[in-house]
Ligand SMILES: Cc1cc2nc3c(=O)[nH]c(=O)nc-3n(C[C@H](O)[C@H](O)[C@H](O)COP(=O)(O)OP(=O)(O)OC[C@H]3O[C@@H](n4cnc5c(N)ncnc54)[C@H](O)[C@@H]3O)c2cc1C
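Next comes just one chain, in structure tokens: the form predicted alone.
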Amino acid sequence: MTKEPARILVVGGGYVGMYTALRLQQRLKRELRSAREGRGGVQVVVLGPDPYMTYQPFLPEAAAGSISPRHVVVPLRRVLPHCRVVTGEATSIDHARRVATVETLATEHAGTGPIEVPYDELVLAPGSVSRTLPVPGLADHGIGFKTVEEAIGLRNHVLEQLDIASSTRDPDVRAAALTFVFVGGGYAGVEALAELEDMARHACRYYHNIRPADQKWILVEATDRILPEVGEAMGRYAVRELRRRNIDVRLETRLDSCENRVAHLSDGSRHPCRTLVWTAGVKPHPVLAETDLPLDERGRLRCTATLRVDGVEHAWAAGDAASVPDLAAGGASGAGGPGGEPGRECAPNAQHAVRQARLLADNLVASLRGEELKAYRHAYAGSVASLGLHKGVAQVYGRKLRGYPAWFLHRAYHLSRVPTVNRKTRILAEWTLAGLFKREIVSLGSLEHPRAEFELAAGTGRHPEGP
């Protein structure tokens, strides 16, 4: 008779989910083998909406064509061969019963409804989602920038606008096609705008009637600075650098409306545009509200510095979903204290997420073996940001860098953080080739509708290009 293995359910296949499962796979080799042989042990189940982890810092370069989109993602099944990977989403979690309600691809297509997945230990790492505001027209015309699909869709869209502007005789249509509005002055907004502006400016040389000066790029930020993570001085430099490239940076300005493809800003200006990218922050994943676990005022899980959900056994969390006291900055004690004082929690970024995931896995293993747990403590090393090809800003261990050195450091740091040697090698090869050859400026927007041509042919009874 086989013995049921203890099940660790990891909700989320992003930074924290993948790195936690990877560490558990390394630390629990014997237990995982026992589970496969039916002798008890431990089973690790990773539940995520996609069968891959997206390395988000490289999305701007994927959008600009510097990196192939398939090299920005890491296949979970390849990295986690000893874990069970399930493609789906948790819709609610009843920790009192230790059961997660899950909607998988199979249940969705079969129409059978969600299933219940029992577990013994829970790791909640669903990440975050875009935070939108009730701006009129935003839901109809806005484009996000959190997934590889959005990044490649935006690349195709920008190049398509150049095609529209080149082929129209209507000056209003042309002006709207060549106006690109980005809302949000954080990493995602600034890096996406800078990389795509670089790409579009390069592409202009292949259009006989479009000059770089014809394009209008606008960055809208509600506060008085951009890139706060790199410090005030480097933030001011970034504004100067962008404005030197004729990018219209509007600080202390909000988007009031974008109905009818016209961006109305709080400073009274209006900008007809066919491209509006929304990167104005993120919020905790909605599944957190569908649990019986304690949340803070921002909707994140209250955690101790040991990455255990505060006051709850057998529940763990880290990354964007967790409010973890920042002991290096004077947060609450890790011996079971609440989530720390306001402003003393770890910032929800990749630097903390990867390190938290490793410690979370170690503490979970220690808990299973009856060993002492360790508190998370990491002094923030600094930040790097790209402002396009060969341009960047950085503040690392108090030292400020800008221009080419910062850009090089940005690439070197993130190359070192991309999982697997396979991905590192492929990305490095692509960068090397990009330095020898010109950028690709092909728009493959038809990829978003792969059946369109066949449907047209089937509907008319002949090939659309046939006689």
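Start at 1 and count along the sequence shown; that's the residue number. Please read these numbers as outputs of a predicted model, since none were measured by experiment.
What follows is about the form predicted in complex with the named molecule, which we do not show.
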For the chain seen here without its partner, which of 268-276, 282-290, 177-185, 233-241 has a heavy atom within 4.5 Å of the named molecule in the model of the complex?
282-290
Heavy atom within 4.5 Å of the named molecule in the model of the complex: which of 376, 119, 217, 145 fits that? Just give me the one.
145
Contact residue in the model of the complex, chosen from 365, 164, 389, 350 - any heavy atom within 4.5 Å of the named molecule
350
Looking at the named molecule in the model of the complex, do all three of 47, 56 and 127 come within 4.5 Å of it through at least one heavy atom?
yes
With a 4.5 Å heavy atom cut-off, would you call residue 312 a contact of the named molecule in the model of the complex?
no
Would residue 11 count as touching the named molecule in the model of the complex under a 4.5 Å heavy atom rule?
yes
At the 4.5 Å heavy atom threshold, is residue 294 in contact with the named molecule in the model of the complex?
no
How about residue 319 - does it come within 4.5 Å of the named molecule in the model of the complex, if we only consider non-hydrogen atoms?
yes
Contacts with the named molecule in the model of the complex - residues in 73-106 whose heavy atoms fall within 4.5 Å
88, 89, 90
